[in-house]
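Single chain ahead, written as structure tokens, the form predicted on its own.
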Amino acid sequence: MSILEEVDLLKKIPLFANIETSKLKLLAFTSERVTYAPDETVFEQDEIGQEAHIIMSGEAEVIVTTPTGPLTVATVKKNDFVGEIAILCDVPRTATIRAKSELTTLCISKDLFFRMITEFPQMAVEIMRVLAQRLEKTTKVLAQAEQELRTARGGAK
């Protein structure tokens, strides 16, 4: 994939939609393209994050460790952004990302990521929007699970 194709891909991601083409070229040029085979791990839950990934092609599973074993909680695909929580918050990775199919990502280092959000406040706002949407979805799923658990217990709290 050429730099121009990568820039076109980045423009389709809301996070980067309002950033100048010249800056997107710089981002594409300074980021690393990485390809993963099916079942290959992009990163593991609990490791320290030094980069985030934009999915350029393919699909990956988002897997969390539970007391009963690994649980797939989502699938990510082209144009999705993963790994940003660990580098934004300096916390261990919250999930494992594993390729479902051949997967190509644009790997953005922590330093480059912070430079981009410092230079482009609209990117920081978009990150907040995406994270708020994820939180809202997670809250709904948790509320539904709690309701199902209460129902299974016969309505007891």
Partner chain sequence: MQRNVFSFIWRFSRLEQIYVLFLTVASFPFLYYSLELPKIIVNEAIQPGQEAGSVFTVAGFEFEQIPYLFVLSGMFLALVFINGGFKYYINVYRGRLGERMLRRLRYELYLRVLRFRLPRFKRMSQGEIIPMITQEVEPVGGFVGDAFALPAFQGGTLLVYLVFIFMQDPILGAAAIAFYPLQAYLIPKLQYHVNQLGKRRVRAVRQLSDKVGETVAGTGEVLAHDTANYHLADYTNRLGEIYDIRYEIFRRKFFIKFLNNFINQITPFFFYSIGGYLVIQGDLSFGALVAVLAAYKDLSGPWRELLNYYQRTEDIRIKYDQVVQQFQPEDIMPEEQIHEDRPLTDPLSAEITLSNVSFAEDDAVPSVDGVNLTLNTHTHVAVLGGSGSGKEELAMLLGRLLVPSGGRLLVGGQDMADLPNSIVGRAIAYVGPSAHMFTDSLRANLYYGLKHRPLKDPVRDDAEQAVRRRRLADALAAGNSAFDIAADWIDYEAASATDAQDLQARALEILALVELDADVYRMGLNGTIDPAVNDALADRILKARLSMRGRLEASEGKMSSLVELYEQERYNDSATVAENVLFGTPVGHVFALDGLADNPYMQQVLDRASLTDDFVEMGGKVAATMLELFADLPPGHEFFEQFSFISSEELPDFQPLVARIEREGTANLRQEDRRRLMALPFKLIPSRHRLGLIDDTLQERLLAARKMFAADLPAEWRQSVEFFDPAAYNAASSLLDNILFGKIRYGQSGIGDKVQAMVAEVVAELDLRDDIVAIGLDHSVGVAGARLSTIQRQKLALGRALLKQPDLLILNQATGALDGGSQGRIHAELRRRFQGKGLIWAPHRPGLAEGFDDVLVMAGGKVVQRGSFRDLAAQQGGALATLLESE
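Remember, predicted model here, so these are calculated numbers, not experimental data. Numbering follows the first chain given and starts at 1.
Although not depicted, the form predicted together with its partner chain is the subject of the following passage.
Undergrad: Report the residue, out of V125, L131, V34, I48, that has at least one non-hydrogen atom within 4.5 angstroms of its partner chain in the predicted complex.
TA: Among V125, L131, V34, I48, a heavy atom within 4.5 Å of its partner chain in the predicted complex occurs only for V34.
Undergrad: Do A28 and its partner chain come within 4.5 Å of each other in the predicted complex, heavy atoms counted?
TA: Answer yes; at least one heavy atom of A28 falls within 4.5 Å of its partner chain in the predicted complex.
Undergrad: Considering only heavy atoms, tell me if E119 and its partner chain come within 4.5 Å of each other in the predicted complex.
TA: Because a heavy atom of E119 falls inside 4.5 Å of its partner chain in the predicted complex, the answer is yes.
Undergrad: Although its partner chain is absent from this view, report whether L106 comes within 4.5 Å of it in the predicted complex, heavy atoms only.
TA: The answer is yes: L106 has a heavy atom within 4.5 Å of its partner chain.
Undergrad: With the cut-off set at 4.5 Å between non-hydrogen atoms, does K11 touch its partner chain in the predicted complex?
TA: No.
Undergrad: So, I3, K23 and E40: all three within 4.5 Å of its partner chain in the predicted complex by heavy atoms, or not?
TA: Checking in the predicted complex: I3, K23 and E40 are all within 4.5 Å of its partner chain.
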